[in-house]
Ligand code: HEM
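Have a look below at one chain only, the form predicted alone, in C-alpha cells format.
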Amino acid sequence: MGFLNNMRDVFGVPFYPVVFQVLMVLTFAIHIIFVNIVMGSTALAIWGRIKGGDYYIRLSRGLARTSTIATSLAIVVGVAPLLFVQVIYDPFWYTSAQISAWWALLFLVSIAVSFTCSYLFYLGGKGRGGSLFWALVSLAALLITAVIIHGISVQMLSPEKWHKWIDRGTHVDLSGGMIHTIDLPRLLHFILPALAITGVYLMLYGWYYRGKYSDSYVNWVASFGAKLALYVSCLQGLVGLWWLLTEKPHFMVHPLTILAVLGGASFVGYLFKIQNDPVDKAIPTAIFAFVVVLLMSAARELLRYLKLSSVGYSLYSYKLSLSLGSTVLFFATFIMGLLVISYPIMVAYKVGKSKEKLLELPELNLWGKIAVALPMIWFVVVAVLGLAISIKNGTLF
C-alpha cells in the first residue's frame, strides 16, 4: 500500500478526484460508442461487400465512410478518459503500460494502420472488390488494438501479480514484451456491442435519410439494424452474465451493478418492442442505448474501484492541491469546444438531409461567426495568462 501511494504524483491533483472519476465515466461512454461504431461499421462494410446485391453494396459504401469519421472521433474523444485515468490511477496505469511497453507502443501503430487502411478501403470502394483487402487489414488492426488496451487495463487491476510477471527467477524481465493476462468474457463484453451499437446507428441512418433516399432502402437499413441490435444484445447479455459470474460477489450484488444489468435487460426488451417501427423509434432507441452504455461504464469503474480498494488504494485520499484557475480554464475550454464543434455538426446535418447541390443556411451565419471568434478569443486569453504567470514566477526573463 505504501509503495503504491509513494508512486502518486507528489503535487497531487488540481481538483477533487471524484470530479475526474465522473468525467472519466462520461467520456469513456462516449468514446466506446464511437469505437463500437468503428468496429461494427468496418465489419458490416466487409459483410456487405461479400454479400453483394444493390442494397448491401450501397450500405457497404456508406459504412466505409462512417468508419473513417468514427475513427477520428474515437481517437479525439478517447484522449479524455485516458488522461483522467492517468491522473487518479497513475501508479497502476503507468506500471501496467511499462511491463507491456512494446504492446503499448504497438497500440499506437495498430491504430494508425487501421485508420490508414479504412481510408484506403473508403477511397477505393466503388463497388469493386479490389479494396476489400484494406478493410480486412483495418478490422484486424482494430481487434489487435482492442486486445492490447484490454490487456493493459486488466493488468493494472492486479498489482499483487506485478512482481511475478517481471521476476523470472534467474532475471528480472523489464523488456515489456508480453501481455500477461486476458479476461476473455470482459474482452468479449466490450467487443460484441460493436455490432449492437452499429445496429442502432443503422436505425438512425434510416431515420436521417428518410425522404432523401427511397423508402424501401431506408426501411430495409433500419430494419436490418434493429434486428442486428436485438440479436447481438441478447448474445452480449449472456457474455455479460458469464463475466459477472467470474467476479467477486460484492461486485455482483452492488446496487450500481444491479442497475446496469436491469438497464441492459430493459434495453433488450425495448428492442423486441420496436422491431416493427425501427425508423420512427430510432431516436428514443439511441438515447436508451446511450443510457445503458453509461450505466455499463459506471459499473466498469465501480469494478476498478473495488478491486484497487481491496489492495488498500483509494483515489479519494489523493493529495489535493486545489487549483481553481486551471480548473476554470479547463471547463471553459471544454464548453467552448462544444460550442465550436456544434456549428460544423449542424451544417453537416442540414447538408446531408438536403437534396440541393448548393444549400444556403442563413440561420447559421451568426452561429458560424461565433464558432470562428471563440478560438481566437481563447488563444488570446491563454497567451495572456501564460505571459502573466511566466512574468510573475520570473521564468520569462
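One rule holds for the numbers: they count along the sequence shown, beginning at 1. These figures come from a predicted structure and were not determined experimentally.
Keep in mind that the form predicted in complex with this ligand is not shown, yet the notes after this line are about it.
Chemist: Counting non-hydrogen atoms within 4.5 angstroms of this ligand in the model of the complex, say which of 134, 107, 92, 205 makes the cut.
Modeler: None of the other options qualify; the answer is 107.
Chemist: Just one of 227, 300, 180, 307 has a heavy atom within 4.5 angstroms of this ligand in the model of the complex, so which one?
Modeler: Flagged contact: 300.
Chemist: So in the model of the complex, are 32, 78 and 142 all sitting within 4.5 Å of this ligand, heavy atoms only?
Modeler: Yes, because 32, 78 and 142 each have a heavy atom that approaches this ligand to within 4.5 Å in the model of the complex.
Chemist: Decide whether residue 150 counts as a contact residue for this ligand in the model of the complex under a heavy atom distance cut-off of 4.5 Å.
Modeler: Yes - in the model of the complex, heavy atoms of residue 150 and this ligand come within 4.5 Å of each other.
Chemist: Test of understanding: in the model of the complex, would residue 82 fall inside 4.5 Å of this ligand by heavy atoms?
Modeler: Judged by the heavy-atom cut-off of 4.5 Å, residue 82 is in contact with this ligand in the model of the complex.
Chemist: Give a yes or no for residue 74: in the model of the complex, does one of its heavy atoms lie within 4.5 Å of a heavy atom belonging to this ligand?
Modeler: Yes.
Chemist: Against this ligand in the model of the complex, would residue 24 count as a contact residue? Criterion: heavy atoms within 4.5 Å.
Modeler: Yes.
Chemist: Could you tell me which of 260-268, 150-158, 283-291, 195-203 sits within 4.5 Å of this ligand in the model of the complex, going by non-hydrogen atoms?
Modeler: Of the stretches listed, the one contacting the partner is 150-158.
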